[in-house]
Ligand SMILES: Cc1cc2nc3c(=O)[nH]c(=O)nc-3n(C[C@H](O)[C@H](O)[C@H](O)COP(=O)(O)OP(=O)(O)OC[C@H]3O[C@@H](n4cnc5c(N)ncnc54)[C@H](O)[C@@H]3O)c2cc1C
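Next up: just one chain, as structure tokens, the form predicted on its own.
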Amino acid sequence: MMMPMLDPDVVPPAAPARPVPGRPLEIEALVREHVCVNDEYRYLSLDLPDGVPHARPGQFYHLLCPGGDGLEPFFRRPMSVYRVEPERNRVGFLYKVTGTGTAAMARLWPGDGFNIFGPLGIGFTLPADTAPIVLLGRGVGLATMGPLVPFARENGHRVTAVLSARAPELLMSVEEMRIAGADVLTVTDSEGTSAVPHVEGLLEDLVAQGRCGALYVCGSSRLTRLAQSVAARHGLFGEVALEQQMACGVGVCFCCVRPFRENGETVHRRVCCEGPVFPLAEALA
């Protein structure tokens, strides 16, 4: 893969300090809401006990999916947080049924108990100033980006979200992000607007309008490479949230190791505990 070239006249902003995750807990939560969002995705909302720590945008939980009727998930399932509601002691997940664990989750009803472990990992950071930010997400990446909008708005950042999907009916979070204060642009495969050159044009327009001072991306390798190129060209701060298979979720099993770029060399990091959010320039997409 060709590396994006950084303009020597462009000085990248200083990176803010990475957040330090707190101590995760095993939590007995209760299902509050469980509904279909569209033909592919479901939304699960949980009530948490009083006094438990709440997740930062970009963090995840390890979910103990229920068994029975032939569905016996062996490992917990890592799942990024889609909605954080500390004032209500609630957390929400957006997920797609893809295997044994998520199929077992799909049978949960309001009032059922659900064991979760977390919050885990390192979440998003925001630029030190109030620079406007752009979120770029596709597919499951839209779930990870969800809590970043209110978090950024509460901290004084203008937010533009560029949301991608195969078709308009599969777009998610559009109204939720608008209600939370984001300007939302949508691109889809079926409409011919999700191709990299078109999305690159959108990002360049946002930079020219002074609406893109930092870039955040999740859910697509091609969009990650595009974001890296645009960020390098304009000296923008950026972060990427990575999805990865995990077994333990706490860095012991080394199941989720991926290569990264650091000071011109390739290093290996555990997505679960050294991420899942990483500096955009360091990811090898």
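In this text, all values refer to a predicted model and were calculated from it rather than measured experimentally. We number the residues from 1 along the sequence you see.
If you look for the form predicted in complex with this ligand, you will not find it shown, but the lines that follow are about it.
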Counting any heavy atom within 4.5 Å as contact, can you tell me which stretch out of 154-162, 97-105, 128-136, 185-193 lines this ligand in the model of the complex?
97-105
Would you kindly say which of 79, 212, 199, 172 lies with a heavy atom within 4.5 Å of this ligand in the model of the complex?
79
If we define contact as a non-hydrogen atom of the residue within 4.5 angstroms of the partner, is residue 221 a contact of this ligand in the model of the complex?
no
In the model of the complex, does residue 243 have a heavy atom within 4.5 Å of this ligand?
yes
When the contact criterion is heavy atoms within 4.5 Å, does residue 117 count as touching this ligand in the model of the complex?
no
Within 4.5 Å, heavy atoms only: does residue 143 come near this ligand in the model of the complex?
yes
